[in-house]
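The chain below stands alone and is given in structure tokens; this is the form predicted on its own.
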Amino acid sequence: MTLTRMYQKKVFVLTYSFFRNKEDALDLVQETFLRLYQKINTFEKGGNFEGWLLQIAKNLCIDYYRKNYGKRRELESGKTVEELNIADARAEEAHSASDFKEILTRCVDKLAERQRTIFIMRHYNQMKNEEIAQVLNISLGTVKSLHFKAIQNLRALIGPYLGCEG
């Protein structure tokens, strides 16, 4: 119970940032803690517990995404950022803050999986690059590179809404 109270908010922020759906996020928080209690004996003493727990949550999010949202992504796979054509009838309404937040959310959803994960961890969860590298078990350079690519791709995706070429 104490572990749940200590970490449930961070796990919720991570899961919610993946799906922007409270029910899905809450289901994944519950699943994360069930998995934690099932696998607690595999945690290496002296390791980063929070990073390990967030890794469990991230893996569950990826599995859930593939299972429940994968069909939509399959339609978009193989296309470059420029080919995704996210400008639609809502573009003319995109000047208010709430519309821009919705546009940003849709654009983040269109990023490649690893870019999206790093962007979410960095900007929604306020994690440092070093923490992200540890949680994802990748090099610091890879985190920086994928974050840079995510920012470039977001600029290209958001550009049409702002009247820019990207």
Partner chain sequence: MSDCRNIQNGLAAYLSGDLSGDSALSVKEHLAMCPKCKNEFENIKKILDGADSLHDDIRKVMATIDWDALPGRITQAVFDKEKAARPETKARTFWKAVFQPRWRPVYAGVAAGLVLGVILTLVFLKPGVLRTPPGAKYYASNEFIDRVEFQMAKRETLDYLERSEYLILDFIQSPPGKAQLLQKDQPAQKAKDLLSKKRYLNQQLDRFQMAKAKEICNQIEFLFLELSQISEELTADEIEKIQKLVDQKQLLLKIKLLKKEIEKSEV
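Numbering follows the first chain given and starts at 1. Just so it is clear, the structure is predicted and the values come from calculations on it, not from any experiment.
The same protein also exists as the form predicted together with the partner chain; that form is not shown, yet it is the one meant from here on.
- Across the options 109-117, 30-38, 45-53, 131-139, residues that bring heavy atoms within 4.5 Å of the partner chain in the predicted complex belong to 30-38.
- Of the heavy atoms in Lys101, some are within 4.5 Å of the partner chain in the predicted complex.
- Under a 4.5 angstroms non-hydrogen atom cutoff, the partner chain in the predicted complex lacks Asn68 among its neighbouring residues.
- Put simply, Ile158 is close to the partner chain in the predicted complex: some heavy atom of it is within 4.5 Å.
- Taking the partner from elsewhere, Leu154 is found to have a heavy atom lying within 4.5 Å of the partner chain in the predicted complex.
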